[in-house]
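What follows is a single chain, given as C-alpha cells, in the form predicted on its own.
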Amino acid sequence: MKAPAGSVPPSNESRRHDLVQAAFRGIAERGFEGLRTRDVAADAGVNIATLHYYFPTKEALIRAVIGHAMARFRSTLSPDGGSDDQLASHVRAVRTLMRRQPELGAVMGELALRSARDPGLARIMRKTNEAWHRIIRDLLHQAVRAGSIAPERDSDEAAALIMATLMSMALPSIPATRSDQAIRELDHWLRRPGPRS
C-alpha cells in the first residue's frame, strides 16, 4: 500500500501498534475463533504480507495482543501513595479499568477460554499470570511491611485469591454488582487482623 504523495509513511512501531490494536478489536468484537489475520491486516490498512513481516505467526500476534492488554493492567500500578495502599489502589484501579474498557475483559476472557484448548496460548497465559502473581506478592509484602495488612495475608494463596477475584471480572456471566461485592469483601479480608497464635 503506497502512502499518498507528501505524506510521511508510518514508522515501524506505529504500524506494529496498529496491527496489535486491530487484532485486539477483532478478538473483542468477534471472539478468538473469529480472528482472521487477513481481517486484521485490512483493519490496520496493510496487506497480509506486511502483517506477516511484523508477526510471522498468529501466535506472535496473540502474544503482542496479550502484551498490549497487560500494559493496560500495568497502568493501574501507581507509584503514587504510600506502599501501604498500593495493593488496595491496584485492586480499585483494575475494577475501574474493567468497567471503563469492557473490551479488555472480553479479550482476556476469550484468551483464557481458548487457552484451555490451545497449548501454545496456555503457555503464554501461564507466563503472564505468573508475572502478575509476582507483582501482587510484592504488593502484599509492601503492605505487610507498612502494617496495613496482617502478616498472615502475605502468601501465595492470598495473591492467588486476589488474582482470581480480579480475573473473574472478565467473565461476562458475572454481573458488575457481584464483582463489586467481591472486591469489597476482598478489601475487608485483606485488612482484617489475621488469626492469633
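By rigid core we mean the largest C-alpha set that fits within 1.5 Å across both forms. Numbering starts at 1 and follows the sequence shown. If you're wondering where the values come from, they're calculated on a predicted model, not measured in any experiment.
Below, we turn to the form predicted together with a further copy of the same chain, even though it does not appear here.
**Q** Decide if the three candidate residues Arg25, Asp85 and Met98 all line a further copy of the same chain in the predicted bound form, where lining means a heavy atom within 4.5 Å.
**A** No, none of Arg25, Asp85 and Met98 comes within 4.5 Å of a further copy of the same chain in the predicted bound form.
**Q** Hey, in the predicted bound form, does Glu13 get a heavy atom within 4.5 angstroms of a further copy of the same chain?
**A** Contact with a further copy of the same chain, no.
**Q** Does a further copy of the same chain get within 4.5 angstroms of any non-hydrogen atom of Leu77 in the predicted bound form?
**A** Judged by the heavy-atom cut-off of 4.5 Å, Leu77 is well away from a further copy of the same chain in the predicted bound form.
**Q** Please tell me whether any heavy atom belonging to Ala93 falls inside 4.5 Å of a heavy atom of a further copy of the same chain, as the geometry stands in the predicted bound form.
**A** Residue-level check for Ala93: no, no contact with a further copy of the same chain.
**Q** Quick one: is Arg117 in contact with a further copy of the same chain in the predicted bound form, heavy atoms, 4.5 Å cut-off?
**A** It does: once a further copy of the same chain is placed as it appears in the predicted bound form, Arg117 has a heavy atom within 4.5 Å of it.
**Q** Which of these residues, Ser148, Thr37, Asn129, Thr50, gets a heavy atom within 4.5 Å of a further copy of the same chain in the predicted bound form?
**A** The residue in contact is Asn129.
**Q** Could you work out which of Ala170, Ala41, Leu139, Leu61 is the residue within 4.5 angstroms of a further copy of the same chain in the predicted bound form, going by heavy atoms?
**A** So the residue touching a further copy of the same chain in the predicted bound form, by this definition, is Ala170.
**Q** Scan 18 to 43 and note down the residues that get a heavy atom within 4.5 Å of a further copy of the same chain in the predicted bound form; none is a fine answer too.
**A** Residues within 4.5 Å: Glu29, Arg30, Gly31, Phe32, Glu33.
**Q** Taking 2 Å as the cut-off, check whether the CA of His133 shifts that much or more between this form and the one not shown after a rigid core fit.
**A** Where the cores coincide, His133 shows only a C-alpha shift between this form and the one not shown that is less than 2 Å.
**Q** Indicate closer or farther: the Cα atoms of Arg114 and Phe73, in the predicted bound form, relative to the displayed form, with a change of 3 Å or more.
**A** The answer is closer, because the C-alphas of Arg114 and Phe73 approach each other in the predicted bound form by 3 Å or more.
**Q** Could you tell me whether Ala122 and Phe73 have their C-alpha atoms closer or farther apart in the predicted bound form than in the shown form, knowing the shift is 3 angstroms or more?
**A** Relative to the displayed form, Ala122 and Phe73 draw closer in the predicted bound form - a change of at least 3 Å between their C-alphas.
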